[in-house]
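First comes one chain, alone, set out as structure tokens in the form predicted on its own.
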């Protein structure tokens, strides 16, 4: 089995103080993908930066205190890559130092941690999100082709910052003009699944479920009312997706036990 977990930690230094360290010590995951780390490696304690039993790759953003992605794997990676520039995709180099993408090769599989920009309608943040999306789709297509030629599968885990379907957020009617549920964003994610032929693994295993949600705003009583969004995905090539046997969101038992506003999304794959 290969168990992969993805979670937006909403600041790793804060999460470490609230329960991330204990969670990592107890997880059965073989690979853990983190997003929104918001720290340089030197700002992390040793038990977080390089915990015993894990091989780590950290990709902080050049902009201090923003974004940042990391990968933790039990097995030493055969290859590591930060960013997705250098593959002939127009616009990709803009994001090489943005702390939004890191990937590793393990035997037979490439695992990536993605933090897609969150966006805000009518602002430069939304423009950045659209530029990222425009560059990332052709990169995903090329990645899939290169992996296939090498006999590898791919899974891109992370905070995609888009709810794809109405079932992916509790209050979808009120959010149709909000970044994260805009028609053009949802259409782009459809292209990832249709044109690029990747698979939304959690939705494949839970086709009729509301959610399962992975993010709840800290405002109001969103968590207690389960007024969440499903924006954290494991998106895999069909061969690997077909070997997924179990997927779940590690939702905290209570609001007070949360160490992030996101919950870990875990999938077990047969090797």
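Numbering follows the first chain given and starts at 1. Only a predicted model underlies this, so the values are computations on that prediction, with no experimental measurement involved.
Omitted here: the form predicted in complex with the DNA. The next part is about that form.
None of 27, 204, 43, 56 but one reaches within 4.5 angstroms of the DNA in the model of the complex through a heavy atom, and that residue is 43. Contact with the DNA in the model of the complex, defined as a heavy atom within 4.5 Å, holds for exactly one of 125, 177, 146, 79, namely 125.
Residues with any non-hydrogen atom within 4.5 angstroms of the DNA in the model of the complex fall in just one of 239 to 247, 206 to 214, 46 to 54, 65 to 73: 65 to 73. Contact check for residue 36: a non-hydrogen atom falls within 4.5 Å of the DNA in the model of the complex. For the chain shown alone, residue 115 is a contact residue for the DNA in the model of the complex, at least one non-hydrogen atom being within 4.5 angstroms. A residue is said to contact a partner when one of its heavy atoms sits within 4.5 Å of a partner heavy atom; residue 14 meets this definition for the DNA in the model of the complex. Residue contact check for residue 18: one or more of its heavy atoms lie within 4.5 Å of the DNA in the model of the complex. Along 197 to 232, residues 218, 219 each place a heavy atom within 4.5 Å of the DNA in the model of the complex.
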